[in-house]
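Have a look below at one chain only, the form predicted on its own, in structure tokens format.
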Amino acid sequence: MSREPILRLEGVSKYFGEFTALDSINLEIDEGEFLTIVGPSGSGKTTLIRILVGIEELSNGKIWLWNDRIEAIPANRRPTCMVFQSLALFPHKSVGENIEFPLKLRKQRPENRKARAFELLDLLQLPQSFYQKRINECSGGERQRVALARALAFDPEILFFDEPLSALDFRLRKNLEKELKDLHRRTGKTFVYITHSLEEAMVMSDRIAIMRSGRFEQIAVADEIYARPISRFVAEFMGEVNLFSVKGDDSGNPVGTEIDIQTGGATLDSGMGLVRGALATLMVRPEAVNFLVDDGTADFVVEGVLKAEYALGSRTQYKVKADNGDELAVEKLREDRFFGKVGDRVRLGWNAASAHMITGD
């Protein structure tokens, strides 16, 4: 797969009166990439994708598709296609008529349209008998596949997705996440996807772009964002996490300012050092925290009381109230679960290699 930028954004901004929805965004999307844009409501992700597909006009900036600027080209003349959350299918037409719609607009011959529709039914793993089936007789998952087939009938260079799975039930959504990833691999098309769901982004994407207040906070592969977020905002957005405000002591080692973190006997990794007096946030994911029994040691230790235990299928989550009143989360696989009781005093520990120092807010 070629990895050249197919789409480039330079200083893209969008203003609604005095409100700045997008603030001088720069972005490169590689050909054949699956990029997912995530962020809270109001972060600008929907505005951005509407601009990219040509539904909304930008206020400032440039958009390049390969070597051509496209920001002034109307949506119907761009080699892109959008799959909407509502799907926008024709409910009283057949599956075949829906898939063939863009081909009919291009005045292709009926026999060629039908042949292409059958190809796309095969690609989306729908029986060819669905060609005559009415859309209003299809299930939610089948409609999603038909919408994808119709989008592919346009033969776009880039497919944009506006939260197409958000209205589906959990099991169907999980299945379609995997199918979308497989479809991306089979077609080799460039996918740009927006969602509120971190899990969707983690499952499907080559890279994840996290938006905050009209700008990208961090763009990276999922593992890097999860393990090494550049700001407290990203750390909290990427799922449950334990965060501690810390400050560099006289040696540059972190000392807790919000919670009583004890430095254990092990030598701290040199990468954990801070400038003397500097403030930062120490992050550790719940799965990296251990219950210390007997004389167990760790680079960092917190003492408290076990307040709750939750069964999460293959995992068990624990809530521990530290002695200063703050809560910590711990997660273990079922086979590694902790056999203490709610109300027990516990010692928690984690090592510097499992933690990450954040200097952004």
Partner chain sequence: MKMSRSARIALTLYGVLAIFFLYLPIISVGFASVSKARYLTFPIKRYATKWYGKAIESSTVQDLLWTSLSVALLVTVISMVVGFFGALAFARYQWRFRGVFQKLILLPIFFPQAVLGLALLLWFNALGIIPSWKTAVVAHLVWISPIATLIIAIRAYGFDPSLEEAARDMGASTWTVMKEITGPLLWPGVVSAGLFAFLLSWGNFPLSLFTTGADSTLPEWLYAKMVSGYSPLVPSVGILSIVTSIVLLLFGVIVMWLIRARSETLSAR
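Positions refer to the first chain, counted from 1. Values in this document were obtained by computation on a predicted structure and should not be read as measured data.
Not on display, but discussed next: the form predicted together with the partner chain.
The partner is absent here; in the predicted bound form, the one residue of Thr195, Thr80, Thr281, Gln218 having a heavy atom within 4.5 Å of the partner chain is Thr80. Residue-level contacts in the predicted bound form: of His92, Arg186, Lys178, Arg171, one residue has a heavy atom within 4.5 Å of the partner chain, and it is His92.
Interface membership of Phe118, defined by any non-hydrogen atom within 4.5 Å of the partner chain in the predicted bound form, is ruled out. The partner chain is not shown here, but in the predicted bound form it comes within 4.5 Å of a heavy atom of Lys104.
Though the partner is left out of this view, Gln132 does reach within 4.5 Å of the partner chain in the predicted bound form, counting heavy atoms only. Mapping the unseen interface onto this chain, Arg150 counts among the residues with a heavy atom inside 4.5 Å of the partner chain in the predicted bound form.
Stretch-level contact analysis of 284-292, 82-90, 237-245, 202-210 against the partner chain in the predicted bound form, using heavy atoms and a 4.5 Å limit, identifies 82-90. Looking at 176-194, no residue comes within 4.5 Å of the partner chain in the predicted bound form, counting any heavy atom.
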